[in-house]
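Read the single chain below, which is given as structure tokens and is the form predicted on its own.
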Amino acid sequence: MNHVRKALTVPFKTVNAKCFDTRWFSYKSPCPALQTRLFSNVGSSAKPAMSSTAGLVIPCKAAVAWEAGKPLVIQQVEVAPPQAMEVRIKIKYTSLCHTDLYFWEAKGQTPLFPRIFGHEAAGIVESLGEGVTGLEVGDHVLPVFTGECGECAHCKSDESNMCDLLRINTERGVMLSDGRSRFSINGSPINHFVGTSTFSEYTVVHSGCLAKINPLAPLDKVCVLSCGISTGLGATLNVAKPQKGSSVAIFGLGAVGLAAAEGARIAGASRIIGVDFNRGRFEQAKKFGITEFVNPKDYDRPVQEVIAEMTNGGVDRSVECTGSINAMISAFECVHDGWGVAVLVGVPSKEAVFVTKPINLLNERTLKGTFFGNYKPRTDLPSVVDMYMNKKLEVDKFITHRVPFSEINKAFELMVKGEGLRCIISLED
């Protein structure tokens, strides 16, 4: 396949790379009228065909995880040029997602160290590998943990975003084109993480895992749209699809759950019920459209029965964002018979078993699952960014902390303590 053919091996020199933040104007908006508004007052600017560092190894700083659960070490790494179908990008801002924390702690999976974590970020294209189309030097992009090759059955389907070639693989620490890492320290390879590894000033990503976005969008904010926020938002808007005036129950009020609530707010739901064991999350959740709160600990009966009683038979839609099997069962059984739809977002353990009575299905309740909110990364994420630019999607309220790259371990400390939603890590400071 073209996507995995090997590039020719050429000698590379090492240079000191310079950072750049030039805004380029090749962005293709899903809405032509929006693009006209965006660029009506912007003068034309020629775009160079190649960066000054193309084809060269770039030394830069990266936060390297050497052992499970140990603080990341900021040190110099060498980042090789992109090979076939790859792109090297300059990371401007990155965020910490719970998936990074989970694999950093190495709980329940095979450890793979040393490794450069990070997958929720925004950056600028520095250079392109052989065969890359649709991207140019200077483009603003969001790297995504899953991809869109455009050729497999999933990519060609309007109903799926689970690309055969570029679907998330947490156990792979190398690139697809040649099975080698693009990161090294003194000649020793450093493992990649989910094909992105954004805890580095420069990284190399498969071109199918990059969404080209509006160059006017603030990268320090839209970086959070490359994973968790879009997952929760899409679970509601693309899968649950609540109608205006409907009722929605959200199980789990972390960042993903609140993004699902944000989707319900955007859709015009009249009742958005938040379900969580942590009382401290309730007040904050109001900012995301939550109108009522339920703590399962407050009742001596299943929470689905409580919600059904509150809503005269059940909610129209529910979205589960915890990964707990009990929450999944409750989310399904709390929707109204005849038309209720429950969407599962959280990832349970591989051994977990979902159990419910068949009559719940026969009574015309629908159970659905979703992966990355059913968004195709390259095709759909630009429109999510446009939702923010049009002030339809409120991103700022998800950002609760900011730290410079040198203090990246503080972001881990905050997440371990359960403080805040998203911490932006600036590689510019």
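One-based numbering along the sequence shown. So that the term is clear: the rigid core is the largest set of C-alpha atoms that superpose within 1.5 Å between two forms. The structure displayed is predicted, hence computed values, not measured ones.
Omitted from view is the form predicted together with a small molecule, to which the following refers.
Novice: By the heavy atom within 4.5 Å rule, which residue out of 271, 281, 92, 167 makes contact with the small molecule in the predicted complex?
Specialist: That would be 281.
Novice: Of 246, 324, 181, 214, which one comes within 4.5 Å of the small molecule in the predicted complex, counting heavy atoms only?
Specialist: Partner contact (heavy atom, 4.5 Å) among the options: 324.
Novice: Tell me the stretch among 201-209, 249-257, 70-78, 353-361 that has any heavy atom within 4.5 angstroms of the small molecule in the predicted complex.
Specialist: Selected range: 249-257.
Novice: Would residue 276 show up as a contact with the small molecule in the predicted complex if we use heavy atoms at 4.5 Å?
Specialist: The answer is yes: residue 276 has a heavy atom within 4.5 Å of the small molecule.
Novice: Is there a heavy atom of residue 114 no more than 4.5 Å from a heavy atom of the small molecule in the predicted complex?
Specialist: Looking in the predicted complex, residue contacts with the small molecule do not include residue 114, since no heavy atom lies within 4.5 Å.
Novice: Please check if residue 174 has a heavy atom lying within 4.5 Å of any heavy atom of the small molecule in the predicted complex.
Specialist: Judged by the heavy-atom cut-off of 4.5 Å, residue 174 is well away from the small molecule in the predicted complex.
Novice: Give a yes/no on whether residue 98 approaches the small molecule to within 4.5 Å in the predicted complex, heavy atoms considered.
Specialist: Yes - in the predicted complex, heavy atoms of residue 98 and the small molecule come within 4.5 Å of each other.
Novice: At 4.5 Å by heavy atoms, is each residue in 66, 104 and 189 next to the small molecule in the predicted complex?
Specialist: No: none of 66, 104 and 189 comes within 4.5 Å of the small molecule in the predicted complex.
Novice: Indicate whether residue 191 shows a C-alpha shift of 2 Å or more between the shown form and the other one, with the rigid core used for the fit.
Specialist: No; that C-alpha moves by less than 2 Å between the shown form and the other one.
Novice: Can we say the CA of residue 322 moves by at least 2 Å between the shown form and the other one when the core is superposed?
Specialist: Residue 322 C-alpha, core-superposed: shift of 2 Å or more.
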